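Okay, so here's just one chain, in structure tokens, the form predicted alone.
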């Protein structure tokens, strides 16, 4: 059996309280595993513990109890800089990780800190500028760019580090469809190279169409995990975890009387099923009347 890229075992974490010291646990015995080369969405409402869990894998938080492992190694005593060699983390707010005077330097600093030579750093910078379409602003100050471009810079800087594991916190937030598709294309390129990916997101349409597996968190616990279609098809679970249902799924369920399946989660799947219904004549009068 291969060693998971990331793992948590009975992980508990309590944020320090500034008052009485009796703050509730933010994580309550979490078990989690990301297989090497795996691609999983970590989903749940605000406050469910998603980002709190993820920050343990980069050393920003340290477990109150339980165990955290990166590539099979216990990380209790590992430094943030040591963990950065394995786990690239894209923060929800790009302004929390952008601090250099130019886009070019922002992208260069990560691989340089990891010990890459000058030639290799330059190669990674140029590749990232091209892959994220940042050539025109390479010498501009990142803080002066639009939100979408700041997000692209933050992601490009992490990708340039070429870590075997990527964790992206709400990567589609604030982006239009074009920028989201570009980002997903870059993620798929890394997956094809065997990288492991975790996406933390509230965007259930993105999850339904692009991420094969889900881990659902609720009130500091993992309450479900499995194939994305199976997880999203469990309406009781979706309601309990306040996940929200993709718009295309809500539309499909309104068309059940026409023969449409209620468990359609992606636009392509919806169009395929709709076309087959029309071609087969099933429910055609109802479809034509809408």
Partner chain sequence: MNARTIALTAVSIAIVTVLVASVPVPIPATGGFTHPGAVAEIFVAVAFGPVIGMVAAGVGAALADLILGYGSWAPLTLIAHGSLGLLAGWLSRGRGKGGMFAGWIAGGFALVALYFIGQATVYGLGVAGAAAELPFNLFQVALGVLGLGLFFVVRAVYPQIEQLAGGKGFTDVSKS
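Residue numbers count along the first chain shown, from 1. As the structure is a prediction and not an experimental result, all values here were calculated from the model.
Keep in mind the form predicted together with its partner chain is missing from the figure; the text below concerns it.
Within 4.5 Å of some heavy atom of its partner chain in the model of the complex lies at least one heavy atom of residue 141. Residue contact with its partner chain in the model of the complex: residue 100 places a heavy atom within 4.5 Å of it.
Residue 181 falls outside the set of residues with a heavy atom inside 4.5 Å of its partner chain in the model of the complex. Although the partner is absent from this view, residue 150 contacts its partner chain in the model of the complex, with a non-hydrogen atom inside 4.5 angstroms. Of the candidate stretches 207-215, 192-200, 70-78, 92-100, only 92-100 has residues with heavy atoms within 4.5 Å of its partner chain in the model of the complex. Contact residues in stretch 154-170 (any heavy atom within 4.5 Å of its partner chain, taken in the model of the complex) are absent; none meets the cut-off.
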